[in-house]
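Heads up, the chain below is alone and in the form predicted alone; it's given as structure tokens.
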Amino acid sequence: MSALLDIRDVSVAYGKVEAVRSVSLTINDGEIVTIIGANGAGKTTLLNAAMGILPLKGSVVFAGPEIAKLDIEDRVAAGLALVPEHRELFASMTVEENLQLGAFRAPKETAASFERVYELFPKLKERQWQLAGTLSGGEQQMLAMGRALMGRPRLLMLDEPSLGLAPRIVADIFKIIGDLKAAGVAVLLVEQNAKAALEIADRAYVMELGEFVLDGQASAIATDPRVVASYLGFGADAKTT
């Protein structure tokens, strides 16, 4: 089976500092893959490079063609979407207006996209005329995810979706990630909560100092002694990204 996303020998540098070094990663249709690692490991850098926000060296193949030289808009049009760590909502616009901005890839399907997003996130339906800047942290995360889903992506990349959220809201977010998989949307998840990420993911990569040091089935990674000691043992509830 050919991969939906195939990253090969990708390196990303900030000036002379190489933040990501020759990493390779694959994601198949309808699969959840997580990347875990300490703060500064290069996880966010890799997501931004895959999205076209940062330049990279190497190969990025998505749904068949090479996309490493495509603009961000073309990657979105191809079915790739990123929800960044800081959400980047338009605070002075309503929930509905923020969602509308995400529908440019499939304007003819906007009505159906709204229905789908509001079904996934009922709270957004309740607050559709509320300004995004007045939403709670959890609601803002839902809005950021909903806006990305308005474009009907085949792969949704999530950067720290649980950051700063209460445990109950985190549980809601992870349930929705599972619902996305059931609906056929692949997810690449960078997450501070390693335990929750490994429980929901099909496969996992462990990143240290810009390189993948371990990868495999998430269930196996979760029992690896190195992972247990570093991310799942004492202090596992603390932030690890």
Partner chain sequence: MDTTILLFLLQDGITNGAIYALLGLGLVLVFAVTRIILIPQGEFVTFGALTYAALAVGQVPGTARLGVVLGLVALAFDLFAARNNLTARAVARSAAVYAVLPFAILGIANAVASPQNPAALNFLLSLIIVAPIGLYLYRIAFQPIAHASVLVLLIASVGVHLALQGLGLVFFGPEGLRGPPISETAVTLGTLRFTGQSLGIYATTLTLIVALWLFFGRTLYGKALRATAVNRLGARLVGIRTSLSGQLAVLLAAVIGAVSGILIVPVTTIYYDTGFLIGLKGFVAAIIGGLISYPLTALAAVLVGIVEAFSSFYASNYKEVIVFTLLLPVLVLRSLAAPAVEEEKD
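Numbering follows the first chain given and starts at 1. Predicted, not measured: the structure shown is a model, and the values here were computed from it.
There is another form of this protein, the form predicted together with the partner chain, and it is not shown here; the text below is about that form.
Across the options 119-127, 134-142, 158-166, 92-100, residues that bring heavy atoms within 4.5 Å of the partner chain in the model of the complex belong to 92-100.
Interface residue among Ile72, Ala112, Ala78, Ala171 relative to the partner chain in the model of the complex, by the heavy atom within 4.5 Å criterion: Ile72.
Contact between Ile53 and the partner chain in the model of the complex is found at the 4.5 Å heavy atom cutoff. In the model of the complex, the partner chain sits within 4.5 Å of a heavy atom belonging to Arg105. For the partner-free chain shown, nothing in 181-212 comes within 4.5 angstroms of the partner chain in the model of the complex, judged by any non-hydrogen atom.
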